[in-house]
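Quick setup: one chain, the form predicted on its own, written in structure tokens, and binding and motion questions come after.
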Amino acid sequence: MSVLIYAENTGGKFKKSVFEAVSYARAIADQNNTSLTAVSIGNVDATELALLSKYGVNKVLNVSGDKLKEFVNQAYASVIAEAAKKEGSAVVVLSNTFSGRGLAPRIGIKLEAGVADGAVALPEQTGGSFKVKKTAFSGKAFATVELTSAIKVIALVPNSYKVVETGGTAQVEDFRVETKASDFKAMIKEIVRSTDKVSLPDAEIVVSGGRGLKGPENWGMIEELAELLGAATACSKPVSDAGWRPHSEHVGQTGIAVSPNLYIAVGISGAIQHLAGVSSSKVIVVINKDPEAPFFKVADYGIVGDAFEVLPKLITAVKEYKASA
């Protein structure tokens, strides 16, 4: 038995969420006194692959080639499943990203495995079964699922597990899989990324604005605070519907679900649909002039005040702190 981690790359580079998943998989491997193997798909150079060993990977299966250069859901699932079979892996771990959410059930079917997506904690192991705490109802609640199958697939929510450096050296091995034509029936033709912005699903800090900002012309305050904090910018659904901000920034039940370490909501009342997408945040700070705003009921910290008065003071305070640090 071994543990397999799928090391997802973006443009040939690994993000922090990958190292979180590797650390998580290493902990599971340690609990079972076994090894950890990573499978990397796409054209990733040796220097980048070597980074995985810092977090406890013993071996890396490197899969490259033009057909697999860009993400293909079914084909990637086939490769990961074959890697698991080769290594005799009883546990497969991946990040619960956009790609991971599509891969996990497909890998589960190919391996006849139980699947726990949206995991937020290490599994409790008893007699071969895993009890996994995971998000439920679009992040509004948590559930504990029990995996009793011989093989388990777990998708870890970004920012839910710490990165742990263990050191070591991993053996890198080229791995070739004969993919089928049926694996390429659905293809992604183009991926356009906002390379100058922090990705919302991966962000550790998110600064989000709502209708309380009164118009798109006032978004400079949100962007300035986000830049100072190294944060991603987001918005509520009414804001994106009104065209003030792009739909790619909409967080909530019908938008992007986020789980940052810090979520700052400015001028957002906190409707249940919005809360569904942000409730997994570790710390929530709310700024709203309405003391009865629903968001205050779930906030860790709240400021009752006008955003146009509070935000400039907050920006000044952050600048002063950074200057003195």
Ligand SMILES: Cc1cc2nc3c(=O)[nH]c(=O)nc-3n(C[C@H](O)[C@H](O)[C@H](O)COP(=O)(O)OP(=O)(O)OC[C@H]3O[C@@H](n4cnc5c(N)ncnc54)[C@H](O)[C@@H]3O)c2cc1C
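A residue's number is simply how far along the shown sequence it sits, counting from 1. Everything quoted here is computed from the prediction, not taken from an experiment.
Same protein, other form: the form predicted together with the ligand, not shown, and the subject of what follows.
Although the partner is absent from the chain shown here, His250, Gly255 and His274 each have a heavy atom within 4.5 Å of the ligand in the predicted bound form.
Of the heavy atoms in Ile28, none are within 4.5 Å of the ligand in the predicted bound form.
Not displayed here, the ligand is kept clear of Lys185 by more than 4.5 Å at the level of heavy atoms in the predicted bound form. Within this chain, Lys162 is remote from the site of the ligand in the predicted bound form, having no heavy atom within 4.5 Å.
With a 4.5 Å cutoff on heavy atoms, Asp290 counts as touching the ligand in the predicted bound form. In summary, among the residues Lys86, Lys110, Arg211, Lys131, the only one with a non-hydrogen atom within 4.5 Å of the ligand in the predicted bound form is Arg211. Contact annotation: the ligand lies within 4.5 Å of heavy atoms from the stretch 211 to 219 in the predicted bound form, the single such stretch among 173 to 181, 69 to 77, 153 to 161, 211 to 219.
Residues Gly255, Gly267, Ile268, Ser269, Gly270, Ala271, Gln273 of 255 to 273 are found to place at least one heavy atom within 4.5 Å of the ligand in the predicted bound form.
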